[in-house]
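Next come structure tokens for two forms of one protein chain, structure 1 first, structure 2 second.
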Structure 1
């Protein structure tokens, strides 16, 4: 177990900035997921922690020690690659034992360690097989076993589930969560899948174009996104955004003009000025079909998706993107029905012109 600190970490490829001064502290034993759209630099960041990528500027500290110029193997970190990166010419046993053999450990000790890890990951029967004789899930487990057997202080995962099919992905996700509980090592996990991030992480780093947009617990990111990017990125289906304008500010709050209609009731947010343009964010599960009296805006049903547990209804509103709402299966709708939509005031996220959150 050990802590990791990224101190103004910067990476340039020639003139292109990939990582633009990242500052993050990861506590010992924490499971941190780095998530972001493709090309945001998340894998590069992980590879810099691993030592596979040179650092242009700033520092990587493990247990308070700068490791910038220390060889990957001597950083006491292990990595699980997206392609698993198993040694194709070596048996499962030799794959797992490779690092230990390089470290010149005693043969009997290697055997014990490998068989312990193999039995923990249900690989005991596969030890003599070659990687190509294994299924995707088994290869994945060999890759994890190879990382585990060295008992590193830090585990790094680079999109380890993206090559698995959907069912296996869920299983392996649960296995990984269990693994973290049992060995309680520090883990850094990179993914582009926000479901993986929300389910696995104790803390999430959202990276966008080489900049950390927000670093916090899954709940913080979900309920208190700092900006529009986070709000739209975390949560599925994604948050709806509607343009609005402040028309009146007084002690009771403010009055808004939403889609050319001034709403009668007062909204409780402060820190806004008259005539300021806002963007209102409402998650599909918080946007509901309401009576005319509570109506914020109305539109017509365009697409209905039946998902069994609930239905998703996409609603067309003039000059806006399609809005998505999550509704109970008992409510029935038809295409081109006119609906009134509303939301509880506490479930509305408000963003200013710069896309930053405004909270009370």
Structure 2
């Protein structure tokens, strides 16, 4: 197991800044997921750790040692690619053993190591097959086994599940979580899927246009997003945002104008002033249908998505994008129904004009 430190890591392609001074510390044995929208620099950052991408400025340190000028093969890291990268003419056994043969380990030791890894990943009965005879999930497990058998200091995963169908993604995700629990290795995992990030990670790095927006535990990012970008990116369905304005501030708190309606309730948001524009963030699971007395805003049902265990109802609010609420399947709605929506104040996230969070 090894720690990783990215010290002011920077990458430029000509005049284009791709990674902009990233500073991250990953503890030995941690499972860290790098997540962000397409083109934000996730894979580039992973490849810089692996040594496959040249560093413009800054340092990559593994176990406190700067590895910028150390070639990939000597960094003692193993990378699992999105495309599996298996040798089609070699058997599963030969694919897994390839790196060990290059390292010139003796045949008995190679056989023992491959057998152990194959057993851990439930590949023991597939060792004599060619990659073309395997399912997508099995091929990805072979790619993971090939990395695992080397017993590297660090595992790097570059969107390893993106080529799998929904069922296989869930199964392989569980296998990866079990693998980390069993070997406690340091793992850095890149994905654009924030569900994967929330379910796998001990810590999440949210990258946006080469900048780290927030680095913390899944629960920190979900419950305490530092800005609107994090709030809208983490969570599925994404957070709803509603415009508001402060109309009164006193010892009781502040009173808001929400969509041209002054709300009687006082909110205890701190560091706000009269006439300040705000953006209220409410997750779909925290918006509820309420009586007129508790109503924050009115709207009409425009779209209903039936998803089995729950339904997603999209509400048209004047001068706003569609708001999404997550409701129990027992609640009955029809398109064009008028509804009143509300939320508990502790479930309302508040953002200032710059998109930064204001906590109660």
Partner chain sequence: MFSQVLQSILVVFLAVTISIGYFVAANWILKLWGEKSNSSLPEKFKPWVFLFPALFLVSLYLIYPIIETVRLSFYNNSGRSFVGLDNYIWLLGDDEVKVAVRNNFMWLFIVPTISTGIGLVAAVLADRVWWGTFAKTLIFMPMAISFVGASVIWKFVYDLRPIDVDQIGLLNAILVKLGSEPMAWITIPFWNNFFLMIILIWIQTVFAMVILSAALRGLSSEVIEASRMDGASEFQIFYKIMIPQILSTIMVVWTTITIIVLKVFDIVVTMTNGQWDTGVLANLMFNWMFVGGDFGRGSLIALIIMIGVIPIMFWNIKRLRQEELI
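Rigid core: the largest C-alpha set superposing within 1.5 Å between the two forms. Quick caveat: nothing in here was measured; it's all calculated off a predicted structure. Positions refer to the first chain, counted from 1.
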query	finding
Number of the structure representing the form predicted on its own	2
Yes/no, residue 259 Cα shift of 2 Å or more between the two structures with rigid core fixed	no
Threshold 2 Å Cα movement between the two structures at residue 287, rigid core reference	no
Flag for residue 94, CA shift 2 Å or larger between the two structures after aligning core	yes
Core-fitted comparison between the two structures - CA shift at residue 107, Å	2.8
